[in-house]
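Given next are two forms of a protein chain, the same chain in both, each as structure tokens and marked structure 1 or structure 2.
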Structure 1
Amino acid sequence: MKYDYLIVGAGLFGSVFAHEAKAAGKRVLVIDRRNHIAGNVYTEKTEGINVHKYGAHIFHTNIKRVWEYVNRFAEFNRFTNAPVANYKGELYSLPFNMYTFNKMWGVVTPEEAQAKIDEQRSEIKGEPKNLEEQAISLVGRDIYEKLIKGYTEKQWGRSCAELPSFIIKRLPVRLTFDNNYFNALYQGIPIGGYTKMVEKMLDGIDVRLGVDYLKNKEELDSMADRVLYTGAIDAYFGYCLGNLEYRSVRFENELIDKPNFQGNAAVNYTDRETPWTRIIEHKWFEFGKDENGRDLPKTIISREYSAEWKLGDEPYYPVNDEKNAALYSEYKRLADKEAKVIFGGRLGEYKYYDMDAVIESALDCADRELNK
């Protein structure tokens, strides 16, 4: 069978585009080299808990069009992201708010908190030269040392003094007791998990899993008039200009025979000595209940370890420095010459995307492509 579109990757970008193409009357084939759909938002049910297999994914957006779109495929719960920071056994609220400042300095009023921040910020004179100086200039040394430095160095595998200041352009500082991490109008987790949501997007569409596009490119390309490619752009071109850099993440999962491990979905470990960056306790994304509202007797945690990416690893975060931006622009020039292929998504565009931005980008791409 000849298809109008071959879609490489069954993650959010590919699945949204596939749904829109099918709705426009196109014949669509979706392939993925993994043995499951939903890409990095894949959730897998274990002991009644929807486990986020590739790290925590909390949907949040201010884009009404995107919120209305995802609600066509899932009902969302009222989960609010309120992470906690653990610094050598001291617990602090994230984002930085009055609870944080009270615990850090004993201040009680917003005026006292602001005065303390202003006093500590003043040690940085002139334009910050690196991430360390940028962070201190925003929130002061105490918060930087306890809640930013160790976590950031584990995440990037580099000293904060070596990292560019633009990585922390701004830090949310709230002189209120609001623990909601995101400044988003809409927020929640799909009831039943993300995999179920993506299944609905791909309903009625041909999907083949465990298919490596780059190993069978010629044969697969011949099956469709157009290709949407959501894999790594440098891999598509055989790394002919060298490979782009990423940070990767390794997960260590543990099933624990008790109902509560840490009392929160996310706890960040902000000291340098603890090897993991954070622990996710998946059941709290859905309030510790199963689909029938019953308390779950066990819990599952994931320890996250940040790592330098190497070929064969799963790429997570693009390293958005000048060197990689320049290399990506060279690959983009090659991509623009591929008349039959559209490059999209986090890996196809070498861009850090939140889920709502991926969906908006896929919808925009579908509008351009399908309304020619």
Structure 2
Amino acid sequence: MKYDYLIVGAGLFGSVFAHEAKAAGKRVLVIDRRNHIAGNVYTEKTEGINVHKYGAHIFHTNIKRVWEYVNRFAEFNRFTNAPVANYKGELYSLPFNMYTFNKMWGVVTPEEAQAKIDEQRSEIKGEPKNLEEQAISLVGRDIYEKLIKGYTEKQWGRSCAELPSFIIKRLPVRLTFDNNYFNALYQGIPIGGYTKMVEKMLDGIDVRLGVDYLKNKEELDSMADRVLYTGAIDAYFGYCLGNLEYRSVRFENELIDKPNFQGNAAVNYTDRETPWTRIIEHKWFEFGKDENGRDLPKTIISREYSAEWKLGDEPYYPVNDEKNAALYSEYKRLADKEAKVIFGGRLGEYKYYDMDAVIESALDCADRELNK
């Protein structure tokens, strides 16, 4: 047996675990089906711009242990996410705050904004039962109709009345003039890109790319005492109970020969008719500068289209509704019987994880696994 751990997936969960295992003196092999490390946080430099190839990733956390951990592998810049919503050419500040309320209703003071929200939320009686009711009870019907409904239905391909309310609880609502999208103590983008950060985590560790675990399972399993699997849990079991639902995302990237396309890293298109959900202009994650602090003459944008996942697509977001939660718990029962295998991460646990939560979960998993 050459390795103590075979780690399937070189994303954040796998790379953090690999780093911890190596530090604990274990022999570790990391494999990934793709031809690059870093999973969906992978960034690639084009025209001096670190392009987030699998969608925008803005690191934010309230967990000091996680912030200190990532800062061991990268220096973070001071980027603060402040997306703009474009509803049929009307621009609104996100998340929902005094700038948004002023533009929507002309209200000037927090009391006026609160009164407007109270008036509109009163249509929801009792505990909100789904995302639509949750959204209206948080910010009222006007904002729901213009800034939430179309975007959410495009992103999830389901009506807001069918979606769980926790999805919208991710977004802050504030009666202050604060466009910071996240309620997080720490926030930023790793200078030089996420790929470089993950490269450092994997420093000195055997990594094999372009290796499909499920196609060569027996042979690969025989190389290690234990396996950490961070791929999709339903794929691991050959979809034997049926597939879990995921949303997939497709990006149309465009290099534009001008310095500034939209003046912001993220613009959300919150109407129903525009086919994309948002446009990311990658250079603004690093203030439009190259690594020497010079202004970049060109720009790269990505239009993001959301689609239902089908076999062969990359799974992005788990659809954590009741039906899928029930199916996941059946797969989880099977997973618990796999004595040699640990399941972890967004796909292994079928969970809408932010990056910091994935890292915390990988650190906890490593503590349990390596100290036993």
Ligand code: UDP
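Numbers given to residues start at 1 and step along the sequence of structure 1. The model shown is predicted, which means the values in this text are computed figures rather than measured ones. Under this definition, the rigid core comprises the largest set of C-alpha atoms superposing within 1.5 Å between the forms.
- Structure 2, rather than structure 1, originates from the form predicted in complex with this ligand.
- Residue 293 shows a C-alpha shift below 2 Å between structures 1 and 2 [criterion: core-superposed Cα displacement of 2 Å].
- Shown in the overlay between structures 1 and 2, fitted on the rigid core, is a CA shift at residue 281 smaller than 2 Å.
- Once both forms are fitted on their core, a CA shift of 2 Å or more is seen for residue 128 between structures 1 and 2.
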